[in-house]
Structure formats: structure tokens, C-alpha cells
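A single chain, nothing else alongside it, follows as C-alpha cells in the form predicted on its own.
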């Protein structure tokens, strides 16, 4: 598995920000906690078997959703990690019930076993010299950004998280990200603060204050395009975590291919194994 090349106009990190991902394995986890976060999202916490490899921020697992009671999901479901607790041998997912697979997941109870395959994909990297970073996330994209905050803080980076949602009661991860050391700004459709010009003003202010040397985005095409414009304007390092339907999760089926921009040409890459994290400048949002 090879890391996709960074855009030539963006300075890459001086050294890998974390070790290479562990070899993916199939494992049986045990449900520790499963609760509703709000009217749309649920949090699932799992105890991993001893010796299981732990995911890096931005990686994902392929989940074998349970069957029965009329719910028969055929394929595994890819899901990015929301919380990684290697010291406790635990893993957490934040998800929205949207179809057969997630509806089946919603029926899991503490003590149930749950089959996972992973960790998969390429995760986030951090800029050199402990530069301050900014996270842009919306909806379920906030789940992907979750573990990036403690990872960045542990490596000496100041973190500002801009969290977007339709309404204030749907903004998630605020307390968790603040507890991990991030400065959190929330914007919502209902309050009229999530519009692109307003978020752009926030970003420009952070850049002017020296609080934004890198941008990370997930969960919104319009926020991705905004991040690309700001990063290009100020020559910032940036990455985007992409969401995509998958079948195999390991690059064999080519179900998750998307177009990217590289050296002025359009190329195609598999989100599962050449991502899901890509250089921000190369994504065609």
C-alpha cells in the first residue's frame, strides 16, 4: 500500500507523523456501550481482543453488520473510527442510522459480539514543526475528525475545530474535543452561521492570527472546496477524508474509485486503500 503523492505546491511533513498502519485483521469485538447521542446519531464502544492492532486517526474498519428480524445486510459497512483508546483496548464509532446495515447495528446490546475487519486505509498526517492546525467537519464527518484532536495535541499542535451542523442540537463532539485540548467553534444552518462566506471569514481570521498552518476537512463538499481555496491562497498544508460506498474495502473490487487532480490531469484512485485521507489540493469535491 502506498501513500498518494502530495501536491507539488504543498510542503509535506518533514517526517512521518505516525508509524505505518498495522496489518488489518478480522476480529470479534464485544459491545461495551451503545447509546443514542441525539435524535440522529448513536455511539458504539467496543472492547477489542488482546493484541488487536489499533487504528490511526482517519483509518476505518469494515463492519459485519448483524442479520435477523428482516434485516439482511449483504456487504460489510465501512466506518471511520471516532475514538481510539489503545491503553484500554477499546474502539468507538459514531454513526447515523441511514439504511439496512446501520439499522442492524442499532440493535446491538452490551455484551454482544461484533465482527470487524481492519484497521484499513491511510490515515491523517501532521505538518512539521508543531504547526497549528484547523479541522473542518460537518455531520458524520465529525466522527472522522474525532481522534485527530488528541493525536495532534499529543504531538504538540494547537488545534482549532470548526464544527458544522444543521441545528445546534446536532453539533457533536464539542465537549470531547474541548476536553482533548481543542479550541472549538460551532456553526449551524439554523443560526445562519454555517454559510461559506462566514466560515471563510473565520478561517481568514485564524490564518491572520497565525493559528492555521494546515487544514483538515471531512463531511461536506462545499467545506472541502472552501478549504481548498483558502489553502491555495495561503500555501497551507491540507488533507481531506473522503466518504465513499465500498464493497471489499481492500482495493480489489474498484467500487470506490473517485477522480482526483494530479499535475493538471484527472486520475482515478481507490478511496479504500489509497485513502480515505488524500491531499486536499487533489480532491475533486
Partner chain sequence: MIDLSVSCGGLALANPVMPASGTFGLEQAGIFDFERLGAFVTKTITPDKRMGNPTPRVSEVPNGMLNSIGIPSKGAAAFVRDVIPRFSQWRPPLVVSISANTPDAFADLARTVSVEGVAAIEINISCPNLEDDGKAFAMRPESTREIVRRLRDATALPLWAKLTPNAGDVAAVAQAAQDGGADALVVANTILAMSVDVTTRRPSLGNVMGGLSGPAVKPIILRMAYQCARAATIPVIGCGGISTARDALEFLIVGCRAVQVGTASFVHPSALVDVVDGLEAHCRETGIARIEDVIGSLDLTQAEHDMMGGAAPASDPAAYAEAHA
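Predicted, not measured: the structure shown is a model, and the values here were computed from it. Numbering follows the first chain given and starts at 1.
Just so you know, the form predicted together with its partner chain exists too; it's not on screen, but the next bit is about it.
Not one of 127, 234 and 279 comes within 4.5 Å of its partner chain in the predicted bound form, counting any heavy atom. Taking the partner from the other structure, its partner chain in the predicted bound form has no heavy atom within 4.5 Å of any heavy atom of residue 37. Interface membership of residue 153, defined by any non-hydrogen atom within 4.5 Å of its partner chain in the predicted bound form, is ruled out. Residue 268 belongs to the set of residues with a heavy atom inside 4.5 Å of its partner chain in the predicted bound form. Looking at residue 251, you'd find a heavy atom of it within 4.5 angstroms of its partner chain in the predicted bound form.
255 is the sole member of 48, 255, 31, 226 with a non-hydrogen atom within 4.5 Å of its partner chain in the predicted bound form. Contact annotation: its partner chain lies within 4.5 Å of heavy atoms from the stretch 238-246 in the predicted bound form, the single such stretch among 213-221, 38-46, 51-59, 238-246. Contact annotation for 104-121: a single residue, 117, has a non-hydrogen atom within 4.5 angstroms of its partner chain in the predicted bound form.
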